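Before any questions on how it binds or moves, here is one chain, the form predicted on its own, in structure tokens.
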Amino acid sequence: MAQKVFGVDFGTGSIKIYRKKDGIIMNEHNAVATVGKNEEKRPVAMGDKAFQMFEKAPDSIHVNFPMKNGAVADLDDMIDLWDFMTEKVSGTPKLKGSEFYIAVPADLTEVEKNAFKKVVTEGQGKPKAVKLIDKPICDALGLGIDLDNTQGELIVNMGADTTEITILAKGGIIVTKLLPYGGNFFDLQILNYVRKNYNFAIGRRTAENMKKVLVSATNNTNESTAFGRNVLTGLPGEITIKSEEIYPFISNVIKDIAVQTKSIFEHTPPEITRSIEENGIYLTGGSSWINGMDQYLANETLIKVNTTKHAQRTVISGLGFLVENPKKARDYALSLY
């Protein structure tokens, strides 16, 4: 390949890859479908194809999501998925001599960071270099923030499994906090509520679709109908759930995100908070779409909230900026390999 410098966003829900001069060349679900167990385990589908099999495949096929809470949870599946993706973007599984910038949550442990190195180095490819970039840095660059000159920025990234709250100033991270919930939490709340209160079983994908209608930062009158199975009779059927039914189960999480954001802000030096008050909070990430979330956060913190139409791509866009500007990348990169 002519260009061998890549930015990789290993998201819990999806993996995005940016190639120098070509932009974002891949965005696939972070999923692996396998058959067999232990030594006989082998992959049969990867990425989007594996996700399409989720809750639809026979019992002999297991669909796994190898990332949890921003970290690698299943190293073997993650390596297999990585080999699949490198072959798809390059035409060969052996992506030799390449340089990778990988975005990771800022407060991962050294063991968790090392797992990302293993994904890239223990696969079929032989990279030239592996470097980690803190996700809040990528978010800021993807949002167009001038990190060299800013006196204070506050970014809230609501992802699939986590919400990362970060204050940046003077070219770096001042403080960051990773909360253990995101969009997947709401899916499970809906799924569990329907089963417990209606003796009705729905799948995760169905719960995710219902979430898009029902979940809101403020109580509303929306409702959603879904197909599933009555767990008492075993018969298929449909159920209608109102937003007000699940609001009590999700409102605590939404409130905690606002409370934690406000707390971090209030414990920040005045010269930085003044800049944040002027610039506003930046709300981004794949789960930041929640109806009314921006206004709720603004009401609770008394700071204006900025949103973006490309919330799912701010991290990979920031990585792309660094891929195209290697001198700038050296200011933020942690070399693992």
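Keep in mind it's a predicted model, so treat the numbers as computed, not measured. The first residue of the sequence shown is number 1, and the count goes up from there.
Another form, the form predicted in complex with a small molecule, is not on view; read the next lines as being about it.
*Assess the spot marked by G13, K16 and N184: is the small molecule within 4.5 Å of a heavy atom from every one of these residues in the predicted bound form?*
Yes, the whole trio is in contact, each within 4.5 Å by some heavy atom.
*Can you pick the one in R229, K128, K88, K212 that has a heavy atom within 4.5 Å of the small molecule in the predicted bound form?*
Looking at the other structure, the residue within range turns out to be K212.
*asked:* If the cut-off is 4.5 angstroms on heavy atoms, which of these, D77, D161, E153, D134, is the one near the small molecule in the predicted bound form?
replied: Looking at D77, D161, E153, D134 one by one, just D161 meets the 4.5 Å heavy-atom criterion.
*Contact test in the predicted bound form: W289 vs the small molecule, heavy atoms, 4.5 Å*: Although the small molecule is absent here, W289 would touch it in the predicted bound form, with heavy atoms inside 4.5 Å.
*Please run the contact check for T301 against the small molecule in the predicted bound form: heavy atoms, 4.5 angstroms, yes or no?*
The answer is no: T301 has no heavy atom within 4.5 Å of the small molecule.
_Please determine whether E245 contacts the small molecule in the predicted bound form, using a 4.5 Å cut-off between heavy atoms._
No, E245 is distant from the partner.
*Indicate whether the small molecule has at least one heavy atom within 4.5 Å of a heavy atom of D83 in the predicted bound form.*
Because no heavy atom of D83 falls inside 4.5 Å of the small molecule in the predicted bound form, the answer is no.
_Quick check for you: of 143-151, 236-244, 250-258, 204-212, which stretch puts a non-hydrogen atom within 4.5 Å of the small molecule in the predicted bound form?_
Among the candidates, contact is made by 204-212.
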